[in-house]
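Take a look at this single chain, the form predicted alone, given in C-alpha cells.
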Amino acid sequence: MSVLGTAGAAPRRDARYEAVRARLNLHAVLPGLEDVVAGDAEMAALVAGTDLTVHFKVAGGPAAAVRFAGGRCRVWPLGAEAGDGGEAAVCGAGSGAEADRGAGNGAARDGESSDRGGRHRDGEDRADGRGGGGTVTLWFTSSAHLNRMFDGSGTPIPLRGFGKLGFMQKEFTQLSDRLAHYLKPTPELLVDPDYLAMNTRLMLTTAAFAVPILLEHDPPAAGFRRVFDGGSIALTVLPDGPSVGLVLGPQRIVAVKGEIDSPTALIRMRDVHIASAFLNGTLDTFAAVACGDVEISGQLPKVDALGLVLERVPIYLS
C-alpha cells in the first residue's frame, strides 16, 4: 500500500484529473494542518494568538474552511460537500445511518471538537465557518488553479479579508510549508522519532480521507464502491495509535480520525516504523502479514479493495 509514494506513469492532466486532485488537496491533505498545529510546538506557537477563518473556494468545485482559534486549527468541507459531519470526509449523498453514527464515533475519541452540522466549540457558531476573528476568502478560477497553489506555483485571488493577508503570506505559508515537509519523507528525516510519528499520522489521515473522494470521483476506484456498502474499516498503529476509520454505507462513506467501535475489517500495524513503511509503500506486505508485523482481520475483501483504492492516491498526490 502506498499513499504518497511513486505514482508510476504520469496521467493526462485533464479537467477530470484536476478536479479529483483539487478535492484530495482540500479534503484529504489540508486536514493535516490540524495535526501539525496540535503536534508541532513551533507551529502551535506560530498561530497561538490567531482568531481567523480561511475559506478556499474553487469556481464550480470544492470548498473548505480552515479555522484558527484558541490555539487550535480545524479544517472542514464547505457547502454541499460538507455533509452532516462537518469535519468528516463524505462520499455520496444522503443520510446513511451507519455513516452518521461513525462521524461522531471516531472524532470524539481523537479529541475532535466538532458538533453536528459543522458547528465548532472553539468559538464557531455558524455552519459557514465565519468566526469572530474575521474571515479570509481565497478564490480559485478552476481546480487547476487551486492545484498550482498547492504545488507552490499558483496565487489565489483574495475576495475578502484583505487586512489579514499578512497572516496568509507569513504564518499560513510557514504552516503549509511545514505540512508539506512532513508529507515528503526521506530516509534521513524518518530517523527522527518526532518526524516519523507526525509523518505516519498525516499519512493515515490522508489515506482515510482520500478514500471517499476517490470512490466518488475517480473512475477506476469507483469500480470498487459496491464493496464498501456497509460495515466499517479501522486502521490503527500499536500500541497507542494513531488510528483512523472508514464508516461505510450504501449512500455515503465517512472518514474519521480516531478509533471506531467493532470494525468489520481491521488493519493493525505493530508499531510506527511498520506503519510508516506500510503507508509509504516500502514494506513487503505479504511478508509483514506472515510474520505478524501487520495483522489483517475481518472482512478481507474490504481490505483488498481498500488497498487497490489507495494505490490511486499517488497518481494525484505524489
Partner chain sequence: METYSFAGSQALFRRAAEVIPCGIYGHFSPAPLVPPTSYPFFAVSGKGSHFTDVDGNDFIDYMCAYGPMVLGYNDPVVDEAARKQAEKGDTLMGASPLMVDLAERLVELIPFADWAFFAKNGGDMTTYATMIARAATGRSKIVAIEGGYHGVAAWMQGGGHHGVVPQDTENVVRIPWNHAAAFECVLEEQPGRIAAFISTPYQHLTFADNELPAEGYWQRIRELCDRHGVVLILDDVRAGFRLDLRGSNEYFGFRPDLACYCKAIANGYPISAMVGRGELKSEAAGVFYTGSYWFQAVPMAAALACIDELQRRDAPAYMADYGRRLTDGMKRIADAHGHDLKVTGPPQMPYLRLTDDESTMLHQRLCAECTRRGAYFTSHHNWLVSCAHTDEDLERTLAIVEEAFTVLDEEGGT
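Numbering follows the first chain given and starts at 1. If you're wondering where the values come from, they're calculated on a predicted model, not measured in any experiment.
The form predicted together with the partner chain is left out here; the points below concern that form.
Exercise for the section: Report whether the minimum heavy atom distance between Gly292 and the partner chain in the predicted bound form is within 4.5 Å. Expected result: Yes - in the predicted bound form, heavy atoms of Gly292 and the partner chain come within 4.5 Å of each other.
Handout entry: Non-hydrogen atom contact Leu300 with the partner chain in the predicted bound form at 4.5 angstroms
Key = Yes.
Practice task
Answer for Ala277 alone: is it within 4.5 Å of the partner chain in the predicted bound form, judged on heavy atom distances?
Solution key: Although the partner chain is absent here, Ala277 would stay clear of it in the predicted bound form, with no heavy atoms inside 4.5 Å.
Exercise for the section: Indicate whether Gly241 is a 4.5 Å heavy atom neighbour of the partner chain in the predicted bound form. Expected result: Although the partner chain is absent here, Gly241 would stay clear of it in the predicted bound form, with no heavy atoms inside 4.5 Å.
Exercise for the section: Specify the contacting stretch among 258 to 266, 64 to 72, 31 to 39, 47 to 55, defined as having any heavy atom within 4.5 Å of the partner chain in the predicted bound form. Expected result: The contacting stretch here is 258 to 266.
Practice task
With the partner chain left out of view, choose which of Gly231, Pro185, Gly161, Pro156 has a non-hydrogen atom within 4.5 angstroms of it in the predicted bound form.
Solution key: Spelling it out, the residue with a heavy atom inside the cut-off is Gly231.
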